[in-house]
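The data below hold one chain only, encoded as structure tokens and taken in the form predicted alone.
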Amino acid sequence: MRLIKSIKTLIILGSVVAVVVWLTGTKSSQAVSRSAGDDKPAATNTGYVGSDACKDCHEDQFKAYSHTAHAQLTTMGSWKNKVTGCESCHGPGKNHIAEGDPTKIISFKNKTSKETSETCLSCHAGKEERNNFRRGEHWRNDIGCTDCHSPHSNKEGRNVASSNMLVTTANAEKPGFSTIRMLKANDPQLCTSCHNEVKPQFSMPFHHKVLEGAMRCSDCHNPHGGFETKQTRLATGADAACIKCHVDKQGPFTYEHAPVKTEGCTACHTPHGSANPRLLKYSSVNQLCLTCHSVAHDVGAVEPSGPQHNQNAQYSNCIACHVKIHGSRTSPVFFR
């Protein structure tokens, strides 16, 4: 019995040693083959010839492309041995060059916006900013990546600030010019070219300074999709897009104004622009407050039903007394 057990033990040990030797040899041969070759991907042997081969026929596109972020991928270690350049989107070019046949390369001229976007998402998916693109309104309405972005180049020309007085990162370039994210034009111009019903709101007497370049549409909206209405950036709770700038309205407060937490800022304010100060929906503050706090409107057991005093000029501005209307740490009626 002991002899049989010893034989079995030797057989098992021998098998393990053989497997280890085989794995070690395989890895060594792979390492040798990698060191002997260049930094081109393994797919080079299946028809990939590199972007330089495209330059002979597509000189203008190649020249413009060489200045983009896409062209810089070859210098990044994380992209080593991966397909980069023209062929990462258009496919292997060996047969296209050898035969001069346009059908031997992937062209996006006749592809739908969704098909084009799928090519972009093969690299650009996986991050929170673009993870929900297929859930977004742009995807549902056949607005693809290349409707806003130029994969080959940014716009060229002399770039100057669009304001001589208030120069920020948002308006440090002239209107219609963009050097970020390979956009075809300035962020607000791109958005208002489709959402033209919103543009007049930014020309109201009181408005967020989007057309002036102090902020962008994408500061509040995610153009790549999301779960919220209008694709607003609300990943961290109600009105996160507003609180990002208006931090004093966030709290936490001991006494909270219920609409701020339940309905959000748009219960009282129009976000793009208004004829009223503070972007309020009504010109008279007490008129806005009385839409909820009226004697005839019961707003709940724990909320005041409305003022018992008359609403003459002396009391027409509720926030003259209720100064902490967004929330208070000391007063249940928001006096302080």
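Only the largest set of C-alpha atoms that superpose within 1.5 Å between the two forms is called the rigid core. Note that residue numbering follows the sequence shown and begins at 1. None of the values given here were measured: they were computed from a predicted structure.
Heads up, the form predicted in complex with heme C isn't pictured, but that's what we're talking about next.
In the model of the complex, Phe108 approaches heme C with a heavy atom inside 4.5 Å.
Taking the partner from elsewhere, Lys209 is found to have a heavy atom lying within 4.5 Å of heme C in the model of the complex. In the model of the complex, heme C stays beyond 4.5 Å of every heavy atom belonging to Ala275. Remark: Gly226 does not count among the residues lining heme C in the model of the complex, judged by a heavy atom distance of 4.5 Å or less.
Contacts to heme C in the model of the complex (heavy atom within 4.5 Å) from stretch 259-291: Pro259, Val260, Glu263, Gly264, Cys265, Thr266, Ala267, Cys268, His269, Pro271, His272, Arg278, Leu279, Leu280, Val285, Asn286, Leu288, Cys289, Leu290, Thr291. With a cut-off of 2 Å and the rigid core superposed, Asn286 has a Cα displacement that reaches or exceeds the cut-off between this form and the one not shown.
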